[in-house]
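Have a look below at one chain only, the form predicted alone, in structure tokens format.
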Amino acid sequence: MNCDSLIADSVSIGLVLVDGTGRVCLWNGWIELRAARPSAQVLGLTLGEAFGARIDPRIVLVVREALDFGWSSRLSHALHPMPLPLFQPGSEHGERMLQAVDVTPVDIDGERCCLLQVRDVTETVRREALLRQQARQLREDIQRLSRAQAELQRSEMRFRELARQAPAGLFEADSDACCVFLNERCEQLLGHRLAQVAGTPWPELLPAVEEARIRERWLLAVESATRFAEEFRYSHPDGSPLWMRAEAGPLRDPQGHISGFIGTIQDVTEFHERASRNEFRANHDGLTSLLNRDRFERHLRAAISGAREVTDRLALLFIDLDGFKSINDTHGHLAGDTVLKVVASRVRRVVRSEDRVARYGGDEFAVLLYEAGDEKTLSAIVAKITHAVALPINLGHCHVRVGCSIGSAVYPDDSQDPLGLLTSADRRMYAAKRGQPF
């Protein structure tokens, strides 16, 4: 046995070293005892092969990140309590022991390796749970039990140190939603210190549009003694709009009544923004940001269905640009893209905010006008669009002009179904392009 192995076996934590290829090259005695596998059987294996199918996939992910990118990670027992199939010696593989795992990239002879440091926190978790129960009892007897007061202070210090290192925001609130504990991360997310919000139900920190809903969900969780889990919008004191997710489980007093909740708060703004971007891309044209063809036709079908109920009139306009191909051929596709974006903006400004404008394909646009009015009103809108499109467009090095041909169809005069309106507007647009009467 070499000196490195002797040192590794002498420490009271688990050590696993993975080389750059992802294979185990160190497996100390602490791990041997709790994994029930001697090092001779696992050296040269991958972590998945060494621990078997019961390993948490997140361990493999963070090890790969450490080897590929040099990232360190900590799998806290608060969020990932049992990532590895390790058991207390003599437990005959009953329940896994609670663990905290540090994953650290290390450089050995010029090769990036990954060191896993595994700690048994089963007793720590058990002790902290007991201390929290004692702390609540001590708060009730604080005026007459001075020795209990000192114990409460010590237990709070221990808990706060653990909570300070937690990557998520941790909070505790009473049944009225008044916060009695916030860790540092939670104070950062909310932009408020505990002293500033103590005694105030935390839903009152939310925008008015969210406060009533979240307060109702909190009261329901208290009455039903169920877990609270909600996402909500939040305005940070620095002015930034955020999306938060709060999850909390109920706490009970010695009589079994709900005394409050303890849980986590996380910033999920990036997730919501990504979802919004994906939804926008799925429903809008990437160049002009107008509705795409599929989304426009869905609006058209819904508008006809609604107009049928209230006997309203709708108008559909098809717009095809005249002279656009020559601009593409003469000035290039970037110039053509500029023309399309400018035309889209001009058409959007002419119609009302509730009307729908889409890039229907190529240099064709479609407009859905709610409350179309009479023929005179429709002709005026067509004239405004024609005039707006015909204005000069600055390409930087020169100005160009395009015209447009517009075909219109009115519900219910021309058709009472979407396909009929689309066909009528399209036919009249091509007739206008050829200079023929409708």
Partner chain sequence: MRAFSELEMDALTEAFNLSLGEAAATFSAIVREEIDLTVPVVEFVSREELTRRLQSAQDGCADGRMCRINQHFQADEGFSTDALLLFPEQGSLEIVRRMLGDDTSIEHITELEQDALAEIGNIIINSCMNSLAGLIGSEMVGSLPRVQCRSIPRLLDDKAPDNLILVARIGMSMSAHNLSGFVLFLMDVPSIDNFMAQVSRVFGLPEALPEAK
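Residue numbers count along the first chain shown, from 1. Just so we're clear, the structure is a prediction, and the values are computed from it rather than from any experiment.
We do not show the form predicted in complex with the partner chain, though everything after this point is about it.
The partner chain is not drawn, but in the predicted complex it has no heavy atom within 4.5 Å of Arg356. At the 4.5 Å threshold, heavy atoms of Leu131 reach the partner chain in the predicted complex. For the chain shown alone, Val103 is a contact residue for the partner chain in the predicted complex, at least one non-hydrogen atom being within 4.5 angstroms. In the predicted complex, at least one heavy atom of Leu75 sits within 4.5 Å of a heavy atom of the partner chain.
Contact with the partner chain in the predicted complex, judged as any non-hydrogen atom within 4.5 angstroms, is confined among 61-69, 36-44, 376-384, 394-402 to 61-69. Taken together, the three residues Thr124, Arg127 and Ala135 all lie with some non-hydrogen atom within 4.5 angstroms of the partner chain in the predicted complex. Between the partner chain and the residues Ile108, Leu220, Leu79, Ile142, the one pair within 4.5 Å by heavy atoms in the predicted complex involves Leu79. Residue-level contacts in the predicted complex: of Arg112, His284, Arg348, His192, one residue has a heavy atom within 4.5 Å of the partner chain, and it is Arg112.
Contacts of stretch 210-248 with the partner chain in the predicted complex, defined by any heavy atom lying within 4.5 Å, are made by none of its residues.
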